[in-house]
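Quick heads-up: it's one chain on its own, the form predicted alone, in structure tokens.
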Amino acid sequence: MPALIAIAPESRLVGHHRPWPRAVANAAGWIAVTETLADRQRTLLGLWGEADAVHMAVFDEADGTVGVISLEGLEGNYPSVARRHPPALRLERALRDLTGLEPQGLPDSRPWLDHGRWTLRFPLGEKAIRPAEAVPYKFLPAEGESLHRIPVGPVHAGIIEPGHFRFTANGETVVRLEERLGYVHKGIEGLMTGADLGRALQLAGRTSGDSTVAYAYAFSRAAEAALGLDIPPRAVWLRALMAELERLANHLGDIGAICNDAAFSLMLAHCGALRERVLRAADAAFGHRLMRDRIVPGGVVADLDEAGAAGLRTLLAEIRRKFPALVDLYDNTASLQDRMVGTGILVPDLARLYGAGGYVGRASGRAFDVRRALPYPPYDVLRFDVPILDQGDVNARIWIRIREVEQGLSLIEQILDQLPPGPTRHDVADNGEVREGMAVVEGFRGDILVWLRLAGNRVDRCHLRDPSWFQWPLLEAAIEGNIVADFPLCNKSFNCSYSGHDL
């Protein structure tokens, strides 16, 4: 990275127990790294801030390295990344809402997480006072003949989280979709400040409820990296087992739910039954259907006994027996294929530009999976394929899920076969030092990033980045030119997290 000033070794980031460089830059260095994003030399992994500093994580796909660049000692503003790199836009709007720092040259000055209902001071910065009155949110204009607008949400007909979608349509054809999110902002990062590791871990695991394992996994690895803590080998493998069970349950649920949005409820019923079997097996194995709070800094708090392992093997046999018939049903139902194939296409170039992870990116040709690109134990010794397609439509996103279900069954079996004996947790000692750590973990939606700074065993600052930050904007692009009635299919095929995004 050009024009950087190296920071003291004791403050260097560690990720996955190997050095990941963090450097403090001047404004010229910050801009130079921004240009590498604009030129597609690097991919943006995260952008966050605090009262007087901003931090940016970037990934170099050519050599598989990650680095963090920081601007510190700021006095109210910094050079905007989004001015040259659009994927940073919503991140910078949220950063400004949380800290009061102004991105100079920001193309869109509207608030993002703040809906004009917050307190007078910025949650993560005490330097500025908010205006007392709420300013109405102005949606982007659209010009042309015979256009009309369709507002949807934030309250929806189904039992889902709130988000507003403003469609501009010509007849039934969508000309523009604009999203308005932030309705379920919980202030998680503010609540984490000053919290001990136990409380912060609970908050991390509740960032997005369907990814509670992945968030606890990423938070724990970041904390362990900061503390220089190794965990027992058995805990390493149990964590991966929980992560694969979570991925399996969510993919099965999504396949059925997408088909249900095409009025094919039979798939929802069968996939829902298999998902329920996964949740019950997880409960029997680890004492909680969602395995919440089972992964902690230092290891895991729930071991797997013989009965739990036997239940998981029975689960694998059942899914392998029933799932292929469901795949055939999906693939051979002409009316269903008519709704899925060619609908909601995300072109590969946009997927690469936004660094889209998970099934969204892999269905549009971006071969990125943290378990392979930035491997962490035990994935560095497990055998699995990363399925890739380039059609980028709803059908491709379903097929990526189907293939990942198949890979997940193999991974769970490998973990059960190789699970080492021994303890499952090491104590976390308080050394009183200020240390930083970062981890990137593959959740079912894609890559989840956690960066934190610890003061002893208390969190001084923590940032959690959901893959949905880079997927929600792409949904706006994918729906363009489709009919309004296909939005539920496109939306569910992306299945972005409201809660994980809104923090």
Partner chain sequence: MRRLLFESLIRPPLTEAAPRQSDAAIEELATAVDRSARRRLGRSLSIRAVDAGSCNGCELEMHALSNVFYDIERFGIRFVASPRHADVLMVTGPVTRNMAEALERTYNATPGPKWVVALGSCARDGGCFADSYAVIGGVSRVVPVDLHIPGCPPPPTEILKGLLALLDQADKGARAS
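Numbering follows the first chain given and starts at 1. A quick note: this is a predicted structure, and the numbers were derived from the prediction, not measured.
Note that the form predicted together with the partner chain isn't included here; everything after this is about it.
Site annotation in the predicted complex: the residue of Q407, Q202, T343, T168 reaching within 4.5 Å of the partner chain with a heavy atom is Q202.
The single contact residue among P141, P421, G144, G158, judged by any heavy atom lying within 4.5 Å of the partner chain in the predicted complex, is G158.
Using a 4.5 Å cut-off to the partner chain in the predicted complex, not one of P86, Q337 and R383 places a heavy atom inside that distance. Taking the partner from the other structure, the partner chain in the predicted complex has no heavy atom within 4.5 Å of any heavy atom of D393.
At the 4.5 Å threshold, heavy atoms of G182 reach the partner chain in the predicted complex.
Looking at A309, you'd find every heavy atom of it more than 4.5 angstroms from the partner chain in the predicted complex. When the partner chain is considered in the predicted complex, T314 lies well away from it, no heavy atom lying within 4.5 Å. This chain is displayed without the partner chain, yet in the predicted complex the stretch 148-156 from 423-431, 148-156, 88-96, 370-378 comes within 4.5 Å of it by heavy atoms. Looking at 272-296, the residues that come within 4.5 Å of the partner chain in the predicted complex, counting any heavy atom, are G272, A273, R275, E276, R277, L279, R280, H288, R289, L290, R292.
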